[in-house]
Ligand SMILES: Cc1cc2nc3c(=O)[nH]c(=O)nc-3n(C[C@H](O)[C@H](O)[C@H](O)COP(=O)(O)O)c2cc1C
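Only one chain is shown below, in structure tokens, and it's the form predicted on its own.
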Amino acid sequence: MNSIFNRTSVRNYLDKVVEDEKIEKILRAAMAAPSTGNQQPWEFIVVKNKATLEELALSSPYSKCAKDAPFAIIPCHRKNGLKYEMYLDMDMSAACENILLEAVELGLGAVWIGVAPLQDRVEEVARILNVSENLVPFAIIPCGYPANEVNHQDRFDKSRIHYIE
């Protein structure tokens, strides 16, 4: 799985449309994530509209790169029908990681911009997207073809491994 080792946060994108087939593959990967009790709490909003991307870029101090992305995925979780609400963050994080890994696999770059658990950001992104009260934005993931060469770093640190034998 080279995508695990080649994944890095990409914030600069070429002005190039990403094919719908690639977007669907990314969303399929997101929905293949594990979830507690198989509750699959997620729904995904794909934003291609430039005006909306520009608004999302202003929703947090870290989301500026969204304005130049060809698209962004906003993973949201449902409020209703959940069996294991206390595990939402884990379920949603697994889906976000799958998005990032599939983007790499498809020759794209992406970055995970946190929205939850900061209530002001959750409310602002929900307002921008005009989502139903049943959906809670979790993250903004701008995505596109990387504008620059992607540099990877080896984060392996043997000193952080502890064995109990």
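Residue indices: 1-based, along the sequence shown. What you are looking at is a predicted structure, and each value in this text was computed from that prediction instead of being measured.
The next section is about a form of this same protein that is not shown, the form predicted in complex with the named molecule.
From the list 127-135, 22-30, 37-45, 112-120, the contact stretch for the named molecule in the model of the complex under a 4.5 Å heavy atom rule is 112-120. Using a 4.5 Å cutoff between non-hydrogen atoms, S9 counts as a contact of the named molecule in the model of the complex. Though the partner is left out of this view, K16 does not reach within 4.5 Å of the named molecule in the model of the complex, counting heavy atoms only. Although the named molecule is not shown here, in the model of the complex the stretch 45-65 places heavy atoms of just one residue, Y62, within 4.5 Å of it.
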